[in-house]
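Consider the single chain below, provided in structure tokens and representing the form predicted on its own.
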């Protein structure tokens, strides 16, 4: 029987990825060089004018700053919270299995459903959250208060994605050899030293995975925010993904929307590269 080239096994995956990822990127690069509106007007080649325009677009930089604040806030809450809860429930027991199953339900829901659920929870007329806060004299309205809108989106993201963080850390913690902990306890190591020199190094790669996935997901968040607040009052939740969709679909400006998409993709790639370099570069140098 003739040997099969192992690269042929990857060919279907390469075809699917190329069709779903690379071809749209190439087409977006073409559109970004056009003045192209979905209004029947003939497209016109304008070179890099769209990229020049976005560099002086205040909404672009405001959206990036809003998105950065959102990402940092979510990561600061989700990572420590997920780590603490994972360390509390990593052991195999019937109770922990039930808890892990229950807290996993949010990540099984589609993002649009999550946005719809939180929209019902926060409606000023029938929402239980506003009605509860009204009992304490707090007027809660995500439709008029930008502070409420922004942190409601943060709370929704924490509720939605913290279970993912917990499950990753639970799996990573369970993979650490128990002999390391037994040796440390015999030597009289404190709980802090055990965490610092055994648990945390064992969770480092899981932490990198969680940081990368959550950073990228938070940057490109769209569905649930669009359902819940859209751009929010005073553009409090006008993240870059929202602005791109409003430009390309709302304003029918496909050429400028494609340029925004490529610019946003470039920023995500740079951030991912920097994070990997900081984590693994520091590890290799040490």
Partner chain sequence: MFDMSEKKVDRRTWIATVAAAIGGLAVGAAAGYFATPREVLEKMITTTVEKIETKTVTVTGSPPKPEEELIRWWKEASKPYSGTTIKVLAQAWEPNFYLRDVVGPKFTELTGIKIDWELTSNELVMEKEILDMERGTGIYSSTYDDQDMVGTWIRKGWTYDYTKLMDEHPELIEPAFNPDDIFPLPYCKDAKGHILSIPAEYFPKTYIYRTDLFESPKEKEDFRKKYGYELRPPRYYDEMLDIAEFFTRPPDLYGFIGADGAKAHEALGFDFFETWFPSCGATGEGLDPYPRDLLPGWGINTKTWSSRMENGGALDSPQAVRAIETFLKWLPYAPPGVRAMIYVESGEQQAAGKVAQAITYTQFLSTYANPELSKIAGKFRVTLPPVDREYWRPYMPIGYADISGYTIPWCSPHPEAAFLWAQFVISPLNELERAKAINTTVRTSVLTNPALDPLDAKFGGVFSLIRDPIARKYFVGTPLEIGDYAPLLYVFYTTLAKAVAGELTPKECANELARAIDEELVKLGYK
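Computed from a prediction, not measured in an experiment: that's the story for all the values here. Positions refer to the first chain, counted from 1.
Another form exists, predicted together with the partner chain; not displayed. Remarks below refer to it.
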{"item": "Every residue of 27, 144 and 231 near the partner chain in the predicted bound form, heavy atom within 4.5 Å", "value": "yes"}
{"item": "Options 123-131, 171-179, 207-215, 94-102; stretch whose heavy atom lies within 4.5 Å of the partner chain in the predicted bound form", "value": "123-131"}
{"item": "Touches the partner chain in the predicted bound form: residue 227 (any heavy atom, 4.5 Å)", "value": "yes"}
{"item": "Interface membership of residue 36, the partner chain in the predicted bound form, 4.5 Å heavy atom rule", "value": "yes"}
{"item": "Non-hydrogen atom contact residue 239 with the partner chain in the predicted bound form at 4.5 angstroms", "value": "no"}
{"item": "Residue 63 within 4.5 Å of the partner chain in the predicted bound form, heavy atoms", "value": "no"}
{"item": "Residues within 4.5 Å of the partner chain in the predicted bound form, restricted to 232-258 and counted by heavy atom", "value": "232, 234, 235, 243, 246, 247, 249, 250, 251, 252"}
